[in-house]
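Shown here is one chain on its own, the form predicted alone, set out as structure tokens.
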């Protein structure tokens, strides 16, 4: 190969690497704010995958464009190209590179999963892979336990330590949270986009789920599983606040008498049945809680 071509390939690889790294950094802006410790790790993994994907895509596209522009046959040239067969070195290279890349991605992904130390049903499946050895930091932290009840179509949050119930999920920042997820009817999905976390909630089963919120603010909890007609209304605010503000909220909520909370699904059901009479599952009664929203 001529020195000029070698220099061109080196320059192209450097430019390609720079552009891919830039696209990987840009990918951080494609998501909501990082509101949990796990979201930082998830975004880091995603940026890494985007960087690798951009490098491969732009590399292949660049070679295709170069071939079309500079290596195309002359006009009216219908002759066959040179016959090339049996290049062992080339076959080894294009086999080894994808295999090494797959192992690299798998190892890095598993490393991120270990750092997240999320506890849910998947943990049981990974105990044999050493996952049970990783969450030592979690054991040393103070864990806030909250019960989450999902039903068609409402969320109810119960704080057993204070005997407080709410339709708004309040969490202390920088403290490990353990949720006991339950469903009273069908399959639901606990999903907070700002936390990058999702967990299915299976009926007749309690699922423990842990994470650590790190950024104060108000976020949105959604049902990630289609659970029926009014599934889109099954949302709730998630308030992450300082530990002091969280304790104050618990104290104030505990003093309140339980009242029925507003339920959008029940409201829409009443309006729809009076107009159209469409058959659907009747929404559960509005939850009676200390802190209705």
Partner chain sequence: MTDSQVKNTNIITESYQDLSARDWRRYFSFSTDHKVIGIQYLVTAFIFFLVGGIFAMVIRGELITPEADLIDRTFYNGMFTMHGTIMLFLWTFPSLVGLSNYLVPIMIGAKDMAFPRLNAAAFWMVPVVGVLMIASFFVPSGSAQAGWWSYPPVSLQNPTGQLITGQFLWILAVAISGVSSIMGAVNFVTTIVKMRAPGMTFFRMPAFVWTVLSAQIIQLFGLPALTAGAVMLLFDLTVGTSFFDPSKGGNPILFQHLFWFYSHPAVYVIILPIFGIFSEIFPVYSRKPLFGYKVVAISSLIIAGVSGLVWVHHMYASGTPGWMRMIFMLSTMCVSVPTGIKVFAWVATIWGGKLRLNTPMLFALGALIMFIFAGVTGIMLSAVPVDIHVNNTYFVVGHFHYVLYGTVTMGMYAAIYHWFPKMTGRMYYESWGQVHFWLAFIGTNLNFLPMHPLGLQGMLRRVASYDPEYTFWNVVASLGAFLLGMSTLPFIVNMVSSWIQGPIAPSNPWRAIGLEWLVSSPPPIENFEDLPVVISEPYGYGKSDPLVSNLEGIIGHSE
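The structure displayed is predicted, hence computed values, not measured ones. The term rigid core refers to the maximal set of C-alpha atoms that superpose within 1.5 Å between the two forms. Numbering follows the first chain given and starts at 1.
Keep in mind that the form predicted in complex with the partner chain is missing from the display, and what follows is about it.
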Practice task
Could you tell me which stretch in 143 to 151, 87 to 95, 167 to 175, 210 to 218 has residues with non-hydrogen atoms within 4.5 Å of the partner chain in the predicted complex?
Solution key: 87 to 95
Handout entry: Exercise: residue 180 in contact with the partner chain in the predicted complex, heavy atom 4.5 Å
Key = no
Problem - Contact flag, residue 45 vs the partner chain in the predicted complex, heavy atom cut 4.5 Å - result: yes
Practice task
Find out whether any non-hydrogen atom of residue 229 is located within 4.5 angstroms of the partner chain in the predicted complex, and reply yes or no.
Solution key: yes
Practice task
Examine residue 160 and determine whether its closest non-hydrogen atom to the partner chain in the predicted complex is within 4.5 angstroms.
Solution key: no
Handout entry: Stretch 179 to 204: residues contacting the partner chain in the predicted complex, 4.5 Å heavy atom cut-off
Key = 185, 186, 187, 191, 193, 196, 197, 198, 199, 200, 202, 203, 204
Practice task
State yes or no: after fitting on the rigid core, is the Cα displacement of residue 73 between the shown form and the other one at least 2 Å?
Solution key: yes
Practice task
Would you tell me if residue 26 moves between the shown form and the other one by 2 Å or more at its C-alpha, with the rigid core held superposed?
Solution key: no
Exercise for the section: Superpose the two forms on their rigid core, then report whether the C-alpha of residue 63 is displaced by 2 angstroms or more between the shown form and the other one. Expected result: yes
